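Here you get one chain, nothing else, as structure tokens; it is the form predicted on its own.
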């Protein structure tokens, strides 16, 4: 019953209000403080902006619908620059602010660093979209609303080898936690789908010129390319591959999932496929509510990062309501017991490790926007670890 009340309230409360505002007549209820860290400056500021806007939208809708347990949510936000050495002091600052729970809207390195701080303090912590496998292994107060990297990599292998029928593949791998975990998952299952990996080329997160990689890929003549990256690396990479005469099908992942990627790559983005969490063409009300409200608030199309942080806030609010308060141990138990909670990225059920199972959404760039291409729903292939 609590789940239905909260979800109904969220759908009815999608009116535009100020971030964290409280509805008239609610009185001076003490707020429930949710810590939030994201890269608001630096190389990942584009994703940080989407993350912040997604989290703020969820808070606005929840508060417009009456809050949680009669109290308004308050988002306490800090910039971590997507850097582990910034995430630790940020996590300690949030604890000093008296937060009741916390959410990461950041990348894997920063999230892994902050997770240890919140676990030690026994403060419930939800990673919105960071995908490194060790995040939830930090401890029992850490949860994740995204599919881990290896799982997404396995989905990429099925997409290329089975759905697209491409067998000769080159990997272009971003040399960080994100890229390496995706590549591990892809290579783990490539043989099951008859894929021959012709070569793998790595690059750094600071790299924007890919001439040598383009020349190598052109020489390899693959049928498909599995290329990890964020929008700010993937845009230049895809542009240069196409300009260099490479016509192979390009498959990216959720790091591409931003209108910024399309704006950078321009015509070269057409036909690029990605595996991600957000199905923009879904007719489920929780998805439509998010997609439409986010674009109205942000002024640009919804993306995976925004959807995932929006979802993390909703999941945490739902757990606090079920716990009947903000006691850390009770909220942790409620999070662990979350089952089939409907969100903008699909129903959320946590396993014993704080991981989720959900189908992989395959989107394709068509006429300058991401559109549905396929859905990979394979509970065996995509099963997350439970320990």
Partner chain sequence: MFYFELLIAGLVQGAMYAMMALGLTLIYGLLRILHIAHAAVFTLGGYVGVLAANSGLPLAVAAALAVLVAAAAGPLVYGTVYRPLLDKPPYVALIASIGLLIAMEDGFRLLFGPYGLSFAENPWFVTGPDLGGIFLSWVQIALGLAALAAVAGLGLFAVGSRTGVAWRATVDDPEMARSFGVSPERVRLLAFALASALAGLAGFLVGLLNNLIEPGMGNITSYKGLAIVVLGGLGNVPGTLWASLLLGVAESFGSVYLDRILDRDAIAFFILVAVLMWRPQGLARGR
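Positions refer to the first chain, counted from 1. All of these numbers come straight from a predicted model, not from anything done at the bench.
One more form of this protein exists, namely the form predicted in complex with the partner chain; it is left out here, but the text below deals with it.
Just to confirm, with a 4.5 Å cut-off on non-hydrogen atoms, which of 292, 188, 200, 281 contacts the partner chain in the model of the complex?
Spelling it out, the residue with a heavy atom inside the cut-off is 200.
With the partner chain left out of view, choose which of 264, 123, 164, 75 has a non-hydrogen atom within 4.5 angstroms of it in the model of the complex.
By the 4.5 Å criterion, the partner-contacting residue is 264.
Of the listed stretches (156 to 164, 233 to 241, 284 to 292, 139 to 147), which one has a non-hydrogen atom within 4.5 Å of the partner chain in the model of the complex?
So the stretch in question is 233 to 241.
In the model of the complex, do 212, 215 and 219 all put a heavy atom within 4.5 Å of the partner chain?
The answer is yes; 212, 215 and 219 each reach the partner chain.
Please tell me whether any heavy atom belonging to residue 300 falls inside 4.5 Å of a heavy atom of the partner chain, as the geometry stands in the model of the complex.
Output for residue 300 is yes: heavy atoms within 4.5 Å of the partner chain.
Though only this chain appears here, would residue 260 touch the partner chain in the model of the complex if you measure heavy atom gaps against 4.5 Å?
Yes.
Evaluate residue 49 for contact with the partner chain in the model of the complex, applying a 4.5 angstroms cut-off between non-hydrogen atoms, and reply yes or no.
Taking the distances in the model of the complex, the answer for residue 49 is yes, it comes within 4.5 Å of the partner chain.
Check residue 41 for me: does it contact the partner chain in the model of the complex (non-hydrogen atoms, 4.5 angstroms)?
Contact with the partner chain, yes.
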